[in-house]
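A lone chain, given as structure tokens: the form predicted alone.
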């Protein structure tokens, strides 16, 4: 039997690409107008923008300020990968109804094997048309389709199809065996290796055809495995298989109210059966739920969506409590509704094996009893009634403490900030007592004049006396040692939020240590060293 040719080992692949998907997801989640100029940013850089923004000169890779200068009406949203993935789930479900076996490459880009779909629908173009018609029928955003030998060539075909289409939908098919000729004319920047492309251009390989013409062994010796994989892609020999995803089990539970209800207690009572059905479905699958997403829709079409976490796992009663708190919003236990509610959906976002949450041999542990008691208090007084402190980001000590309702995870921004370095923050050891808000203080020199710091950071005099009237009125403490000033300069680019202050560590004649803050010529006590 003759050996299998390299081309025969490449899977015939169909790629569906939804351009500017982060923008589509942001518009869907935040309810932005279809014609709004939108940009999605990550670390201050534009990573996606709408067609309206591109018409005004906004491009990927621009800094936020430059993009806003080009488009004054630009709406900016931070990139949220979880939002992108969640908004793309219904799209994948719609594709799987036409062609099963979808591989998610990233939100907005997916692949399927083309051979089986072509046989079923009578051709590759007919299969692609069936998918696009299904997406259009269900109201999903337009997509472009590329079909070729291998995933990489199919992706490039989809991108080329977008350039030649005026309505936002197109199909580009590269015939079997024609991938090398199709890729040869593409610029070297399409090699899908950002660090390798500039080097190849300097070496004279300006197109993928130039790169593919190089000897494979020389490329491997010079650029390693990554370069060898890029060389195979440029030659149309992308052997990566299409690995279908396993469709997740649907544990969502919802209820529609007809007519819509306008009282929280009525909605909570009706939700008991829904919560029990949701928890029972998970239990029958050997799972428990540690995170849920509650989506509430009013009779006017307004949506309220929030994720709730649990330190252990949700019971039906606790699910109902979360829905009730979300409906009450910031109004507390007696809070009402702004408009009647037409639909409530409970979606588990994180599950765990039920074996990890079984009761121990000797009953419940003390921390479980504590959790039960705090949850009862929270259920009676409201979601914000029981708070726990978690470390956050910031330079001032009060900013480092973030209060989170019991059972909730810290906000993602605070979790990231707590793990990152903060230049200019207070070094260890930290004071034991932090005053929030800081206490007013008076700091004098030996001549009974108030001590100040000029704009160059120079002290007007040595620190000699300190008095804190809110702790001990009319008592002056002699300063025996001090250190500083340590400048604190924040948000200098934003006059409305800018902060300019100086910090001092002071030791008085009683041996007590104080952390002082001088801001706008006013002295305050930020913390006390016990």
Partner chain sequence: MFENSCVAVLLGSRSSALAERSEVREELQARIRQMQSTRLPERSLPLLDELRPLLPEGLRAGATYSVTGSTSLALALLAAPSREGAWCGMLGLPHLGTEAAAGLGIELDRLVLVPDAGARWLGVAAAMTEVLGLVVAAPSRVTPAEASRLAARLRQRESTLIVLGPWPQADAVLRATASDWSGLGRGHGHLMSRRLRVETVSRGGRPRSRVITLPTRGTDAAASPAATEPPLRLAPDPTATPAAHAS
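Note that the structure is a prediction, hence the values are computed from the model and not measured. Take the two forms, superpose them, and find the largest set of C-alpha atoms that agree within 1.5 Å; that set is the rigid core. Residue numbers count along the first chain shown, from 1.
As for the form predicted together with its partner chain, it is not shown, yet the points below apply to it.
The partner is absent here; in the predicted complex, the one residue of 317, 285, 203, 432 having a heavy atom within 4.5 Å of its partner chain is 432.
Exactly one listed residue, out of 196, 294, 130, 385, brings a non-hydrogen atom to within 4.5 Å of its partner chain in the predicted complex: 385. Although the partner is absent from this view, residue 436 contacts its partner chain in the predicted complex, with a non-hydrogen atom inside 4.5 angstroms. In the predicted complex, its partner chain lies farther than 4.5 Å from every heavy atom of residue 177. Shown alone here, residue 481 lies within 4.5 Å of its partner chain in the predicted complex, counting heavy atoms only. Though the partner is left out of this view, residue 303 does not reach within 4.5 Å of its partner chain in the predicted complex, counting heavy atoms only.
Residue heavy atoms within 4.5 Å of its partner chain in the predicted complex occur in exactly one stretch of 39-47, 501-509, 53-61, 23-31, and that stretch is 501-509. Contact annotation for the candidate site: 72, 186 and 223 all lie away from its partner chain in the predicted complex (no heavy atom within 4.5 Å). In the core-superposed comparison between the shown form and the other one, residue 123 has its Cα shifted by less than 2 Å. Residue displacement note: residue 489 has its CA displaced by at least 2 Å between the shown form and the other one (rigid core superposed). Once both forms are overlaid on the rigid core, the distance between the two CA positions of residue 20 between the shown form and the other one is under 2 angstroms.
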